[in-house]
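Only one chain is given next, in structure tokens, and it is the form predicted on its own.
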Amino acid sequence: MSYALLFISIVLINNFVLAKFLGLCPFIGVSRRRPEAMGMGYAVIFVMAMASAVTWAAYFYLLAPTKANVFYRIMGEGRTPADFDFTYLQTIVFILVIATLVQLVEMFLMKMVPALYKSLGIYLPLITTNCAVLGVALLNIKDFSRLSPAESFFRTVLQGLGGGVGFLLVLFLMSGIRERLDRAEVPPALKGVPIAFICAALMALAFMGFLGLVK
């Protein structure tokens, strides 16, 4: 049951876009049409879930000062795990992992779905600098690093998957709203990005209604 609550919480209550205000650049930039929004959403789900798994492994087996650290196992004779504390490198390592995964997504879309690759344009490589993806990787370490390895890994991947699903959900909803706005009478000063931010703020207020769902 706790796993289901964790997933629901990260999708609806602690949504990275509407609650933590991360990833607003692709959220606003790609939500103009539903096909592009869905394509970006699926790409973010893949990157978030895979980045969560890979960054967890990188942290616990390369960076953290534990007996499982690879460098400690190879060069640790007569030394302690604390001598191999590389956690100060976690942000750099996590960004490199995310960039590699985004490159894989780019190559896949370029080969298999060229139309979607062209329509996403600059926003696809911007997943690398999407603070929501980096945010979920850092949040996983903060929330679950003290649990047992198996429990920590499972919750990390689940939270990454839930973060991606939450991102897809708000992109889907926002794209539907913006498609309707294109046919609505909007004051000239509010057309485009201004009305999109107003709608995003109203969506964030609406999602606050889920706050009492999970304690």
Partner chain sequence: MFKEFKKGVFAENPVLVLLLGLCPTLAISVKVVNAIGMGAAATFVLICSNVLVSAAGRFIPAKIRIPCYIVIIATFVTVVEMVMGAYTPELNEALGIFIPLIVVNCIILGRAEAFASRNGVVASALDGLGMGLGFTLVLTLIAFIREVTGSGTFLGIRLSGSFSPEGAVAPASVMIMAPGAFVVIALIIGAIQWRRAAKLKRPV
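Positions refer to the first chain, counted from 1. Just so you know, these numbers come straight off a predicted model, no measurement behind them.
Just so you know, the form predicted together with its partner chain exists too; it's not on screen, but the next bit is about it.
The stretch in contact with its partner chain in the predicted complex, judged by heavy atoms within 4.5 Å, is 185-193, chosen from 48-56, 161-169, 147-155, 185-193. For the three residues 25, 138 and 201, a heavy atom within 4.5 Å of its partner chain turns up in the predicted complex in every case. In the predicted complex, its partner chain lies within 4.5 Å of some heavy atom of residue 92. Taking non-hydrogen atoms only, residue 102 never approaches its partner chain to within 4.5 angstroms in the predicted complex. Using a 4.5 Å cutoff between non-hydrogen atoms, residue 208 counts as a contact of its partner chain in the predicted complex.
Within this chain, residue 118 is remote from the site of its partner chain in the predicted complex, having no heavy atom within 4.5 Å. Residues of 155-176 placing a heavy atom within 4.5 Å of its partner chain in the predicted complex: none.
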